[in-house]
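Have a look below at one chain only, the form predicted alone, in structure tokens format.
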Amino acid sequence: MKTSRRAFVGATAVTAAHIWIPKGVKGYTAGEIVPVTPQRAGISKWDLDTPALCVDLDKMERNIAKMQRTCNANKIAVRPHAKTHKCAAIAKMQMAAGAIGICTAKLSEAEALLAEGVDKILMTTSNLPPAKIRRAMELKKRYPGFIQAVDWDQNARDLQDAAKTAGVVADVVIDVAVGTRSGIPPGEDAINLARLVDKQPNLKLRGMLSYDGGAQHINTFAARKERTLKNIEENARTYEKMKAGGLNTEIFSGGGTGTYNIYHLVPGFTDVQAGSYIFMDMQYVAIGNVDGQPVYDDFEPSLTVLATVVNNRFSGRLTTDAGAKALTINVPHAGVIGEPGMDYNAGSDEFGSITFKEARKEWKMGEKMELIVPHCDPAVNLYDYIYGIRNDRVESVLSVTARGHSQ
């Protein structure tokens, strides 16, 4: 029997968790297995145990509103990518603000979010293994709003066979590559794949995806815009040929946080898949804004990790309890809020090492500081909960619904 992480965490007895224990190994008693529970709402954020993942709700809500407002003005839709937050509650906030659906990178993410009532999901990567294809068809059977990608002719045939066996008509988009990471190259190969899908009785062609991940972090808006529009040209021609050939092109989706205000210039483009905009991170802060300023301030950094100073005994140096296991990647370095002169190195597993020539205050042992994460997506995946903060108090505790769902 397959048991979700949510069911496991909520278990109060061994039998509820369906744990297999090898013979000869002493098992745990029910009393030794306790639910993992977060700290309660209502307390000051400064009283949270650390490291703690926090989101400033006011800032996040403003970010959601700005993305929706800008895209509405540009006559393009928002289909946010949940790989950033993996959180059903946040996905529902985005939908309530006007998003037409949610993207996921992984099938297990889609399963977790659909089970929590996020009813319109587009999976942006292809499912190749037979077991995953069967799981995808079961999702389609239960959730009509599920759409999946395909970028290989044999995969399209496999999807057709599985959909027929499951008794469903599966919604499919063609993943048309921008760059070399994934997808079928634009041009005749992509068009022929679309035609193949269109001919399958148990598949419904919905359009195409074209995500340019390499363009998101290009420094300066001018360079980012130039490269984005240049890279998408062949994909846009492919879209036009698909449309002229009578193929369904109701979806032409892509874009991200760094290019959300560029893709409306591409004829036929329907929606942007921005993810990081709700949280932001040090990678995005450095790419520059539309006015030519070096700091990308379109959206506010709302996600922070709260850390505790555990050593201040050495001149020009502090140690915290937030290392790689709290922040994941270490390039660029995390940012210390209120201390622009500090360099935060999370190269150690358990500890963060801060060096500085001058600090704005004297930091005491046991004192807490807030960090802007290097890259928000993998950082979120380290935590079971995000503490929703308003006016420096914990207003809500948001479960990271699809934490660890990487299949």
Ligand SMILES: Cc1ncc(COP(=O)(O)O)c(C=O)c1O
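So that there is no doubt, residue numbering starts at 1 and follows the sequence shown. Worth saying up front: this structure is predicted, and the values here are computed from it rather than measured.
What comes next is about the form predicted together with this ligand, which does not appear here.
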Just checking whether T257 would be counted as a contact of this ligand in the predicted complex - the rule being heavy atoms within 4.5 angstroms. yes
Is there any non-hydrogen atom of R181 lying within 4.5 Å of this ligand in the predicted complex? yes
Would Q216 sit within 4.5 Å of this ligand in the predicted complex, counting heavy atoms only? yes
Does S276 reach this ligand in the predicted complex if we count a contact as any heavy atom within 4.5 Å? yes
Note: this ligand not shown here; in the predicted complex, the stretch from 162-170, 332-340, 77-85, 317-325 having heavy atoms within 4.5 Å of it is 77-85
Candidate spot T124, Y211 and Y284, all three in 4.5 Å heavy atom range of this ligand in the predicted complex? yes
